[in-house]
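Here you get one chain, nothing else, as C-alpha cells; it is the form predicted on its own.
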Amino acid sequence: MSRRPLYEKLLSLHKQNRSSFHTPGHKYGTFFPAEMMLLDFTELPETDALFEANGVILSAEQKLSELYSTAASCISAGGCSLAIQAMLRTAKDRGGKLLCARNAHRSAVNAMALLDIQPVWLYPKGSSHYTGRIQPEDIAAAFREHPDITACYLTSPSYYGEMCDIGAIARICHNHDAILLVDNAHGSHLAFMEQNCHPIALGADMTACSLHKTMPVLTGGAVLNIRTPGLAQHAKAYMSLFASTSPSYLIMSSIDLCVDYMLYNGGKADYLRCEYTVAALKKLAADRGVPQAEGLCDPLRLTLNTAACGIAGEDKQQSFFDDFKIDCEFCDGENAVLICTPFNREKDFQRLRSAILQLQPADKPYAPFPALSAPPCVMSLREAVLSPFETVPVHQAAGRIAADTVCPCPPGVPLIMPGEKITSAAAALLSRRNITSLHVVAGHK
C-alpha cells in the first residue's frame, strides 16, 4: 500500500488529462495563482475572524454582496451545508410550519432533525425521467391547507438542472407573510446568465449558494445570500452553531479571487460565452432526439437521458463516456449530468460534442423507474435520526422505520425519509437500484 494513498490517487487522476464536467467549477485549478498554497493562515489580528468579521473578511463579504445585489452575504468555508443549516435555523426562529420540497438534500434533512423541525413535504411534479419541479399552484394549495406555514424551503436548480418558478413562488410566500429559502447549491452562476435567473434576483429571501460547484472557488467555498435585511441580524450566529472554529483561509481567499474575477476581470463575459456554448450542445442533442430535461433549466447544465439511447445502467454509462475521456458529474443509470463552466477547455467541449454525436434514440422506448407514493410517517425526523439504529439487508427492511434518508441517487427525491415506514414497494425499488442495505431504527419491527 502507498504511504500517501489519497494524494497519489488524486495526482494520478490529474495526469490522465480527462475532461471534467463535474464539480468543482474551476476544473483542476488553473484559475488560481501559484502562490495560493502559501496563504494557509489562521485567525490573527490582521486576518480577521469569520464569525466576528470587522476587517478584511467583512470587506470580502461586502464585495460578495455587491456581486449578488444582496442586503448581506456571509462567507462559508463549510460548504453549502453550513448555509443551509443557517437558513433552517432562521425558519425555526419564526415558529409555525416549514413547507419543504421533498427533493431536499441530506444536509437539510439532518439539520431539520437536529433543530426538531418536522416539515410539511411537497413533492415535485412534471417529469417522468428527472426530479421534476415544485409548482406554484401546489405551494398555494399547501398554504390553504396549512395556514400556519411561516417558511418555504425549495431546491432549485435540481441536480438535473430543473428550475422552479421562483418569482411566482416568492409572491405566494410573501402574500402569506412567509419567507422563501432556496437551496441554490448548483446555481451560484445564475446571476451571470443572459437573463439573471438567480433566486435572489427573483424574490427569494435567502439562498445557500455552493460557489465551488460552478464558480472558480476551492471545494467547500459557499455563501449565504440574504435579500431581506431583517434576516441578516442573526445569520452569522446561526452559522457558527454548526461551523468549524477553524475555517480555511485558502477557501475564503479563493472566494475573494472569484469575486474580483467576476466584478473586474471579465468573469461575467466568460460565463455568457459558456452559456452560448452549452446552448449549442443542448440544441445538438435535441436535434439528434436525445431526451433532456424540459422547461426552465440551468443554462450551464447538460442532462442527457442515455437510457433512451440504449445506454442504461451506471456501468454502461461510465464505459460510454470513458471512451471520450469524459468525467460526468454523475450517472444514475438513466441520465448523465454534466456541469459546464468557462474553465472547461475547448477540447473538453469537442469531446462532449463527439459523445453527443454518438447518441441516438433506441428503437425500443425506455421505461423509467416507477414513482412511489409518500410512505407513512410514524416517527419525527429528530426521533428517528437520534434513535439507536441497525443495518439490515434491503430485502428484510419492509415494515421497518428508516433511520436515515434513503435515496438511490443523492440528491434526487428521497424514496424514504427518517421516521417513515419502509413499504414493500419501496424495498423492491431500492433493490432494483442496487441498494443492498438500510439503516433502520433499532427495536421497532
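Counting begins at 1, following the sequence as shown. Bear in mind the structure is a predicted one, so any value in this text is a computation, not a measurement.
This protein has a second form, the form predicted in complex with a small molecule, left out of what is shown; the following refers to that one.
Using a 4.5 Å cut-off to the small molecule in the predicted bound form, each of I84, D183 and K213 places a heavy atom inside that distance.
Of the candidate stretches 284-292, 352-360, 185-193, 246-254, only 185-193 has residues with heavy atoms within 4.5 Å of the small molecule in the predicted bound form. In the predicted bound form, the small molecule stays beyond 4.5 Å of every heavy atom belonging to N225.
The small molecule is not drawn, but in the predicted bound form it has no heavy atom within 4.5 Å of S73. Shown alone here, Y271 lies farther than 4.5 Å from the small molecule in the predicted bound form, counting heavy atoms only. Although the partner is absent here, L300 lies well away from the small molecule in the predicted bound form, with no heavy atom inside 4.5 Å.
Of the candidates G79, G96, G203, P375, G79 is the one whose heavy atoms come within 4.5 Å of the small molecule in the predicted bound form; the others do not. Shown without its partner, this chain lists S107, T90, N305, N344 as candidates; in the predicted bound form, only S107 has a non-hydrogen atom within 4.5 angstroms of the small molecule.
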